[in-house]
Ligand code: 5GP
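Okay, so here's just one chain, in structure tokens, the form predicted alone.
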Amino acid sequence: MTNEDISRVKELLSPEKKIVIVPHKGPDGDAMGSTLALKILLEELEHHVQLIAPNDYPDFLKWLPYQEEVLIFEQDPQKCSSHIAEADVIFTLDFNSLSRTGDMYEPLKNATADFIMIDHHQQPDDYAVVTYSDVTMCSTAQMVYHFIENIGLADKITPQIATCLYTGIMTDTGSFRYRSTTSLTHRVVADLIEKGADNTSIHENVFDTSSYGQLQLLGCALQNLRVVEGLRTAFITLSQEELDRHNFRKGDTEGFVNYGLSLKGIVFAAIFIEHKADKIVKISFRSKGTFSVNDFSRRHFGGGGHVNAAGGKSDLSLAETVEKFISILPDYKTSLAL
């Protein structure tokens, strides 16, 4: 953050304000951890704060501090739109285009509030009066930690805030194993533990609460794992019928794509998940090294994200989507061929 940004934020947060905080649609651990941490901090400063998620989030995040106070736009759009219209300041976290909020796009676009963006994804839109964007950061949660530092409130980090930030960093770094995890990340995490984050219980709450159906679904996904010979690529498919058979719930496929990437010699992995109600196939891409799944997804599947982690979607059938994916791979043989 620049000195000008810091001054502007302090100005916007003085005196008390009506504040709305928004994560992206389909919020993950980083989105919920970063937004809840900021909500707790701002309420300690006596602001009137409402966290509004575009849609529901996975059950493995529903132990986080104060998550029961989150409003879900899909469940009560009228109430949520009223909060957005009345807000003085709106924070958008872990996304950088209002289109990432689904049905919240119109209320946000029409809002009169001043926007503050905190995000680590590439190519941010220009809608905020303060844009704190850093694509080198491992997570938005780490950025919120530095945001709190920069505005001089590090001493306000409570055990609840530390817990939320640790959760966001841990989930977005694959438990600290991704390349974006730096020595600074580990220093931040150490400070969060000192400030009250119980790393053992956080890991257990996130990773050790699987349902029987979720583990059966993982088995099905691994049965469907395929390797594209000679192009160091692996992919998984899950049909709507397979999701239904294993009582799929939001968040159940979290991390499945990484199993493809764990194969020896694989540098590019994908998972294709059919969602017939939405008439789309949702896609997650992961890679190792310099192969940019952000560029791949933006070019071919209307998505984006980071160099080594991105998402996309397809309006084709599941079979047609996979066929398209396989047909594209030879164009990248210089990067992918053995």
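The model shown is predicted, which means the values in this text are computed figures rather than measured ones. Start at 1 with the first residue shown and count on from there.
Note that the form predicted in complex with the named molecule isn't included here; everything after this is about it.
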Tell me which of 296-304, 272-280, 38-46, 58-66 has residues with heavy atoms within 4.5 angstroms of the named molecule in the model of the complex? 296-304
Just one of H246, H83, R100, R232 has a heavy atom within 4.5 Å of the named molecule in the model of the complex. Which one? R100
May I ask you to state whether L51 is within 4.5 Å of the named molecule in the model of the complex, using heavy atom distances? no
Using 4.5 Å between non-hydrogen atoms, is A309 touching the named molecule in the model of the complex? yes
Check whether S284 has any heavy atom within 4.5 Å of a heavy atom of the named molecule in the model of the complex, and answer yes or no. yes
Partner contacts for 20-34, taking the named molecule in the model of the complex and a 4.5 Å heavy atom cut-off: H24
